[in-house]
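First, one chain by itself: the form predicted alone, in structure tokens.
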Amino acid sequence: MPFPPLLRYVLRRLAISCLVLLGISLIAFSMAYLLPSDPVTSRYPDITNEQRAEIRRQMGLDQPLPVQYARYMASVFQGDFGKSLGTGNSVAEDIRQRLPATLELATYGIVFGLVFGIPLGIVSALRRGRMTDHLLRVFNLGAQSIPAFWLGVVLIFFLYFQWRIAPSPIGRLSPMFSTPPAVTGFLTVDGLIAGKFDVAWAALRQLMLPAFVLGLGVVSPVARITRSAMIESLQEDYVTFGQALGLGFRYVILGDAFRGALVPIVTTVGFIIGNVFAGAAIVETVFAWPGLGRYAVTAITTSDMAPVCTCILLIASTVAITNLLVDLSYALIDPRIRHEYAR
């Protein structure tokens, strides 16, 4: 019995994604191999050359690159991503502990970017060529131009050191509070589930600044693509016809016009999700956020390449899955694309 067209499309995309991930793993592993730094020297700087050679032999670092890569991929397919030299734990265990922190930060950052970016884009399109449009475009340009690390340091300096408004950047939760039982991994949600509203509020306060810095990088591209897509959608015949019939603003603009602009907006959001996970490393480092980004940065500085390769694979997998979900969502948005998928 032949597979339905949509299922064939999904299977084909998954097969292509597996090949892409295989290529990314090869590039990441090769770059780690070609780096001038040595994980043995970084961890044991005072040992002799004979001791260094013996440790490299025990770790398998004296073998050729193809042999090391084959051994690494064999362990990956078995669910073993190696052991971190810095923490002494398995990489899988380290990721399991740090992934909820990155997911919570990325989720709040993306939600912040969408909540502000989409309305700004709609307003800019409706006020095209006017002062409001020019001011919003200047704001978008400025938001996109500000480096995340610089903005984070400035906010910490003024809001914490100078004015004592924000909490200290010491991670997800102040030591004054006990961590609630893990249900979702999001401390703001787990605190509410456990009925510890003070813990949820404390976790939210710790999250505000890093989520704002991360989300500000989402606002600009979302606003720009929403403006462009809405301007094109407002010129469609069905929007003009709805306005001629005297239909309400909400029905014509927020209904017909916005729905017609959803495809490029969803496409942009799909690309942004991958960028957010990759860019979270800078924000997590600045705010001492115990997530995957900071974990990868620490591993790079200590030449601990097993966590680095695993984090790269994880981010690449997130991008591949997100792009697939974005393509499938087109069928829910546009009936023409749904008909094309059915063919």
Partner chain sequence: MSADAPLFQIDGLTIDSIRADRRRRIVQDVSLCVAPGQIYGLVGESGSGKSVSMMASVGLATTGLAVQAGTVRFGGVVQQAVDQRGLKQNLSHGISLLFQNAKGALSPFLATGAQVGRVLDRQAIPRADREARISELFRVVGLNHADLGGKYPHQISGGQAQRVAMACALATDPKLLIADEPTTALDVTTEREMLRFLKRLCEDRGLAIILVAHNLSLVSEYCSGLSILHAGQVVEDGDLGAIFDEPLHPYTQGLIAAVPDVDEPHELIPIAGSVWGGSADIDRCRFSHRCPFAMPRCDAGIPTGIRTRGRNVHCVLYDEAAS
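Nothing here was measured: the structure is a model prediction, and the numbers come from that model. Positions refer to the first chain, counted from 1.
Unshown form predicted together with its partner chain; subsequent notes refer to it.
Although the partner is absent here, residue 238 sits close enough that one of its heavy atoms falls within 4.5 Å of its partner chain in the model of the complex. Its partner chain is not drawn, but in the model of the complex it has a heavy atom within 4.5 Å of residue 243. Remark: residue 333 counts among the residues lining its partner chain in the model of the complex, judged by a heavy atom distance of 4.5 Å or less. A residue is said to contact a partner when one of its heavy atoms sits within 4.5 Å of a partner heavy atom; residue 190 fails this definition for its partner chain in the model of the complex, lying far away.
Against its partner chain in the model of the complex, the set 304, 307 and 313 makes no contact: no member has a heavy atom within 4.5 Å.
This chain appears without its partner; in the model of the complex, the one residue of 150, 251, 116, 201 with a heavy atom within 4.5 Å of its partner chain is 251. Screening 247, 111, 208, 170 for any heavy atom within 4.5 Å of its partner chain in the model of the complex leaves a single hit, 247. Heavy atoms within 4.5 Å of its partner chain in the model of the complex belong, among the stretches 82-90, 141-149, 230-238, 182-190, to residues of 230-238.
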